[in-house]
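Before any questions on binding or motion, here is one chain by itself as structure tokens, the form predicted alone.
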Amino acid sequence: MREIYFDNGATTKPTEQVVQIMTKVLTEDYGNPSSLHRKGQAAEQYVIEARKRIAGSLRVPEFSIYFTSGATESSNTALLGAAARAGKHRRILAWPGEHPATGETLKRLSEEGFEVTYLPVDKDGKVLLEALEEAVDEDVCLVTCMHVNNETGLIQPIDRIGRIVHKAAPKAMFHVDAVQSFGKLPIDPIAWEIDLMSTSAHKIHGPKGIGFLYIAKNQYIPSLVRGGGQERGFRSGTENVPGIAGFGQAVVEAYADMEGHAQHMQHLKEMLLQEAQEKIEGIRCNGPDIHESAPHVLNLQIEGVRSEVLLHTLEDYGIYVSSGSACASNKPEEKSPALSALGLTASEIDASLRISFSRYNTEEEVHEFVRVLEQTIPMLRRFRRK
């Protein structure tokens, strides 16, 4: 059975070139990059080259890139580090719908005495800049925002947020979760006044277990991992050289034709929605207009069908998507913070499905996916519980 993988927002398949360079590191250039001999120097060169490639893609200094185990570690380190140097400034601003790596860390900071305020958003979940301007002041130590929402594809105006924050609170740090945007959309950390930024390799056809934290020039947060002094003393521990090398290769491939890749995924997204709505009743799009959201994410609400049931039905056909629901909970905000922020009920969230594309998906896969939906949804609606 041919597989159709439409869950690229969760993870992507590493490319052949990524696997090849990682295999070479694992089998030939396996030295410790801290060692002084030739094997160590060969391993260190992979780290140097990957950092150079990543920094070049963002047009930032190489010393601003710190490798981590992934975006969760990067976001935790950024938020906890910013809070650790906050001093008397104890206010934190955020928005509903953040990833748990941010949301759970904010809960911890709230328990430690920080005042965490979630600002309002519009009907699509977009930041209300006027509300931010009213809320931010010199007591704010940290503002955190997701660039592209992982469930709806909503794109936040990061460039404008950074200017507003630093105009009113020059000492505040602005953190951006760029997991779903890095390598897919243009990002300019310096021009957008981003202080801290989290990313992950496995969202752009790189390996799991590797990411980086960007820390702007002239900014500082304390190290949370101490030991041998790797990553210029910021993140100790022997570097994941195969992962770093794979990440560097994935960045080269992602940026080789980023605009072309985005256009291709946008085309597939528009095609899928149009075909599905033409052939199947009761399908609507959650979140922003599909022409204004990230090219790779589409969130559909399918009337009369629980997404978990549909997900497993599609799996029988070799089609992989993801559900927006956490079925152990009846609270919308626990099922899906992003969809809850849009005002969806628990039952509407239960009927929501996320399709996420990669540059390797095809029109034929879209046609087959819609054909299977057309075949299975009427059956599932007939047998749903009353």
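Numbering starts at 1 and runs along the sequence shown. Keep in mind that this is a model prediction, so the values were computed, not measured.
Although not depicted, the form predicted together with a small molecule is the subject of the following passage.
Practice problem: Using heavy atoms only and a 4.5 Å cut-off, determine which of His261, His89, His99, Arg235 is in contact with the small molecule in the predicted bound form. | Solution: That would be His99.
Quiz prompt | Proximity to the small molecule in the predicted bound form, single hit among Thr313, Thr72, Ser293, Gln156 (heavy atom within 4.5 Å) | solution = Contact with the small molecule in the predicted bound form is made by Thr72 alone.
Self-check item: Site test, Met146, Asn150 and Asp177 vs the small molecule in the predicted bound form, non-hydrogen atom cutoff 4.5 Å
Solution: Checking in the predicted bound form: Met146, Asn150 and Asp177 are all within 4.5 Å of the small molecule.
Quiz prompt | Distance check, Lys269 to the small molecule in the predicted bound form, heavy atom within 4.5 Å | solution = Close contact is absent here: in the predicted bound form, Lys269 is far from the small molecule, nothing within 4.5 Å, heavy atoms only.
Quiz item: So in the predicted bound form, does His205 come within 4.5 Å of the small molecule, heavy atom to heavy atom?
Solution: Contact with the small molecule, no.
Self-check item: Which of 130 to 138, 195 to 203, 283 to 291, 165 to 173 lines the interface with the small molecule in the predicted bound form (heavy atom within 4.5 Å)
Solution: Of the options, only 195 to 203 has residues within 4.5 Å of the partner.
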